[in-house]
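Okay, here we've got a single chain as structure tokens, the form predicted on its own, with questions on binding and movement later.
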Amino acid sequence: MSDEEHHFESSDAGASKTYPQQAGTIRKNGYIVIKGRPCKVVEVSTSKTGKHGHAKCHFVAIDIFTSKKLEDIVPSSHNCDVPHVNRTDYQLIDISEDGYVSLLTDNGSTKDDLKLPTDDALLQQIKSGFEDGKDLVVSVMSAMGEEQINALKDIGPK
């Protein structure tokens, strides 16, 4: 036996970032992992089986964080990775000068590790609403270890 000490670190609870699903069962508006990115499916087309082959599914999907269009072709009987996508609403408390937001979670603690969104229209809505002193609730989408603000709700003045 070796005298070396093994040290294992894990930051998550052991839950997988994705789960397998048969390609033929993934539908439009579902989620899929293409090229390692979590995407929302915008179009699915299935080709007929060839002389020897499988039916193929052609996915056109948009990355849920970068909004880039990605495509993939997978045999319909094969498994695809589907990301675990969560959406959580937080109340906006503060916006710091360096572009980070301070959010209030459901249990009363604060979450300070999120940057402002890169989408210009959403960014302007958040900044102008915050400057007007409105009570804002932001929707945060999280998948595969990434988080991003993707929507905004105004719940009235403070």
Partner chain sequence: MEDRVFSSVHSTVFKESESLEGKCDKIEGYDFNQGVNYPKLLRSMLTTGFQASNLGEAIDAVNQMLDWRLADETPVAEDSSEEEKDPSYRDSVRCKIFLGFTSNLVSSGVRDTIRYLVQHHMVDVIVTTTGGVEEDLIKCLAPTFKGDFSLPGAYLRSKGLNRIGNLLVPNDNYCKFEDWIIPIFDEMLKEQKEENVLWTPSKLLARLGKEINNESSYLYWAYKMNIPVFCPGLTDGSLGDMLYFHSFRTSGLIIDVVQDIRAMNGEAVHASPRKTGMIILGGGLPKHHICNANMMRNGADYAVFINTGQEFDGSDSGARPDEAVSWGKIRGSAKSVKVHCDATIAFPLLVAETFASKREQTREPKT
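Residue numbers count along the first chain shown, from 1. A quick note: this is a predicted structure, and the numbers were derived from the prediction, not measured. C-alpha atoms forming the largest set that superposes within 1.5 Å between two forms make up the rigid core.
Keep in mind the form predicted together with its partner chain is missing from the figure; the text below concerns it.
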*Using heavy atoms and a 4.5 Å limit, would one call residue 73 a contact residue for its partner chain in the predicted complex?*
yes
*Closest heavy atom of residue 56 to its partner chain in the predicted complex, within 4.5 Å or not?*
yes
*Hey, in the predicted complex, is residue 27 touching its partner chain, heavy atoms inside 4.5 Å?*
no
*4.5 Å heavy atom contact, residue 49 and its partner chain in the predicted complex*: yes
*For the chain seen here without its partner, which of 103 to 111, 86 to 94, 123 to 131, 64 to 72 has a heavy atom within 4.5 Å of its partner chain in the predicted complex?*
64 to 72
_Superposing on the rigid core, I want to see if residue 52 changes position between the shown form and the other one - specifically a Cα shift of 2 Å or more._
yes
